[in-house]
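Next up: the same protein chain in two forms, each one alone, written as structure tokens (structure 1, then structure 2).
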Structure 1
Amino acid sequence: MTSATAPLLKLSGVSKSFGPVTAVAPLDLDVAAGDFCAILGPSGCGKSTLLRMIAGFIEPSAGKIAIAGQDVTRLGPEKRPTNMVFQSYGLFPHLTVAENVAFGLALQKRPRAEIAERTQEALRLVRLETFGERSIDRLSGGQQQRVALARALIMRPKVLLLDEPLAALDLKLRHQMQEELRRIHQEIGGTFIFVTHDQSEAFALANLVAVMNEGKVEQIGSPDRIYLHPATLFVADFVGETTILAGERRKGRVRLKAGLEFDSKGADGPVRVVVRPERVEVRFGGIPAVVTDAVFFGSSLKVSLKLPSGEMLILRSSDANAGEHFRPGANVNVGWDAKDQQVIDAP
């Protein structure tokens, strides 16, 4: 028995090298039961390699993988309580939709009636209950995606793995499928881990995000923590719109090139301050800035400001009359709360 607080999936020091290439540097990751975890990172950063190690397709070069307290590091994919939705779906073209979905249960030689019932249930979950007899090549991309999802979900995996499941879909369908995934996750209360390079998708779905770069996990945390308190400059830059300002720390006090000064503990040396655009506001006595550009996005206005240091600062305002203050060339004073900034030691 594992205690309620023990993570369902635990990676300890897991890494993978292909010859001289380090695809995944040693990392630790804990995922609790019920979590919807996103592995977020740019192309080629090792996301798929990490996911395939969890699924059992790639054996880690070092480290340990445990699921529900059981060490599965050396088990093949067929022996793990995980199931995967592949980026290219990997549907069986010689079988019908229902036969695809039933494949795993048929392998287990379950009774016919049970297979039929659970297949129907899985198809209902992905809203394809009338498509059972269709052949795979007569489905749209979104429908194929759902079949792949149903085929994995019918196995009731302890952990469902999804490798860029929505990457091949167009924008509208992608948003629709994001909703579906959220609904399904809530409905069955499973544990999902999905890989994506789209930060808005990661934030829309996940309650736990691991940001990867060049094989290393840069930060693991809740979406709002990662958004407001990025641990590294890479995370700050990769996740959402941001302004990064240069400065210097001396004896616990940071002085920004742009003119601002505040207390901040840490070693002396160059630092960077990260500020999210929607936390910046017009403020009496703030940093003097000149508006260089203002773009209206419907729900908000994006304003580019030039600071005395020559650095650019982005401000986002959802105030309906904001456009009047921010005519290009106008002088404004801007500032933000100290709690909304993140100070990162510069490399």
Structure 2
Amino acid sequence: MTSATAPLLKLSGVSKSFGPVTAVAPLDLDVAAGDFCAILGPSGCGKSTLLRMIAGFIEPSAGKIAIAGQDVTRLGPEKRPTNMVFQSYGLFPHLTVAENVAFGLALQKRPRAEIAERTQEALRLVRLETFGERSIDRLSGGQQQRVALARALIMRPKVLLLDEPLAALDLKLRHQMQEELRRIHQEIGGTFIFVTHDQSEAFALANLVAVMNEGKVEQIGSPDRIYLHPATLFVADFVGETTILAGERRKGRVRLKAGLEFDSKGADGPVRVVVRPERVEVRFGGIPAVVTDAVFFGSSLKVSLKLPSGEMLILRSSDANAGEHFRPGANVNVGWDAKDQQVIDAP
């Protein structure tokens, strides 16, 4: 959904410090109209602080935030074309579902007919059109999350901000709500910014992912780019299963401790080679390895292999009958295509 036109949301050199502590280092981020952008990272990495700066709840220490070409850096949240859905929902227990959804429009003193029409429209969007008169305490966690979403969407924000809104739900309900969020995003064509620490959730929802670590953005790109071509060792290790092998580059050629050699452009020095498990295969003449463990997951088999260097390599096979070939202690030869590896200079 990215576009050659000016981004809807543009962050330029935005940072935030609390005294001597840097919560968010200076960063740039462009989000186009219609994008679903996930800000992904571990707890404490600064992703929620970044989201709150976009919302206007926290003022940046430096930098500029623009939405639809307007500088909103110093504007409060009520003056920005954004709305936020919080992890805690923040619903009013003394109001009905419809009254909760309509709350923002009521504060604006919009005409009653308009409020009624837009409330029903928002409830229909989250598939709660028959729940308008129900009290909040009669709703499940997933239904409450939908009410919170409808309350934000009814204000028709240019940018919808979601701060780990599915974290309190059980696994099955989280997957259901992921489907709902994807459907709603496609139906309204809105621009969503979604904070999460769950990389599978980020990949399931977003077309643009910003990976954060210790206040810094390590990489921004599409989910497949982030997964297949991690820019840093942190991204490689944080996003999905992976094997990271040590090696040395000399005069345009890398030699791994495991014994493999290949051409690689770049400066001389230590490197790490990143290989995803599903790219590894049994290969005649490949690196010798010993099977240490094999776990069946139904749709795949995860095999742990010990290399001559003492390093561990993960292989994931979709062959349901592969288990008989990967008994612990078995000797196999493995390899992968050069296009399926990522060479990263070691720090």
Partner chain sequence: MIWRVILGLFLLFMLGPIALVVVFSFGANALIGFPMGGFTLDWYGKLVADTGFHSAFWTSLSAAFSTAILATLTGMLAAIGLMKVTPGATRAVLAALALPVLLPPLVVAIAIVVLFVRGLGLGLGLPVVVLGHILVAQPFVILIVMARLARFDQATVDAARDLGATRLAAFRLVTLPQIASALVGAALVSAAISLDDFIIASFTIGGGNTISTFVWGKMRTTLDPSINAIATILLVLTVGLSALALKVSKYKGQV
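For clarity, a rigid core is taken as the largest C-alpha set superposing within 1.5 Å between two forms. Residue positions are counted from 1 along structure 1's sequence. It should be emphasised that the depicted structure is a prediction, and the values quoted were computed from it without experimental measurement.
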Answer for which single form is the form predicted alone: 2
Shift of Ser222 between structures 1 and 2 at or above 2 Å (CA, core fit): no
Rigid core fit then Arg118 CA moved by 2 Å or more between structures 1 and 2: no
Core-superposed C-alpha of Arg134 shifting 2 Å or more between structures 1 and 2: yes
